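This document opens with one chain alone, in structure tokens, the form predicted alone.
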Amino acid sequence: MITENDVIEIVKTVDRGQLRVWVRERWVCPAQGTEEAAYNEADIARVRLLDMLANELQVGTEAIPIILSLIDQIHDMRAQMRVLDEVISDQPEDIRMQVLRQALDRC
């Protein structure tokens, strides 16, 4: 389990107050344990992203939820594309070629 203290130690440019604001805004959503929040590697990546947006790039707080939403949508689409690729790859060769031809015709 990665604790709040661990996050602050890992992402040295983020302080406890800033991290708590991001959690309160639900920009970072750690799992809630019995005593304290439990962060994972995805949460750490999100904190690093927020640190870059807010502190390095000086993105305003009104724009951050929009950016996060777009990034989340991209991640979701990538996951859907991976599933679609696996399903198509499991098909017989003639079906895969037919799907490829139809896709190329539409581009």
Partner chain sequence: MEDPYKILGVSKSATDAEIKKAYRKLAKKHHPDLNPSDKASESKFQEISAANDIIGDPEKRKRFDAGEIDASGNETPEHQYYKQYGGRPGAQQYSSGGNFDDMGDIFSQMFRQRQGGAGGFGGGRSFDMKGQDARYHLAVSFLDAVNGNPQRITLPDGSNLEVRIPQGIKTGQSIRLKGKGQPGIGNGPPGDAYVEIEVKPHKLFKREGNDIVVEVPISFDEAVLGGKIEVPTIDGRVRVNVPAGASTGQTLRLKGKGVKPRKGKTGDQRVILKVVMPKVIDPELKAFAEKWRKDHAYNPRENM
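Predicted model, so just to flag it, every value in this text is computed and none were measured. Numbering follows the first chain given and starts at 1.
The following text describes the form predicted together with its partner chain, which does not appear among the structures shown.
Asker: Taking the shortest heavy atom distance, is residue 33 within 4.5 Å of its partner chain in the predicted bound form?
Answerer: Because a heavy atom of residue 33 falls inside 4.5 Å of its partner chain in the predicted bound form, the answer is yes.
Asker: Would residue 61 count as touching its partner chain in the predicted bound form under a 4.5 Å heavy atom rule?
Answerer: No, no contact at 4.5 Å.
Asker: If you check in the predicted bound form, is residue 84 within 4.5 Å of its partner chain, heavy atoms only?
Answerer: Yes.
Asker: Mark residue 45 yes when one of its heavy atoms lies within 4.5 Å of a heavy atom of its partner chain in the predicted bound form, and no otherwise.
Answerer: Judged by the heavy-atom cut-off of 4.5 Å, residue 45 is in contact with its partner chain in the predicted bound form.
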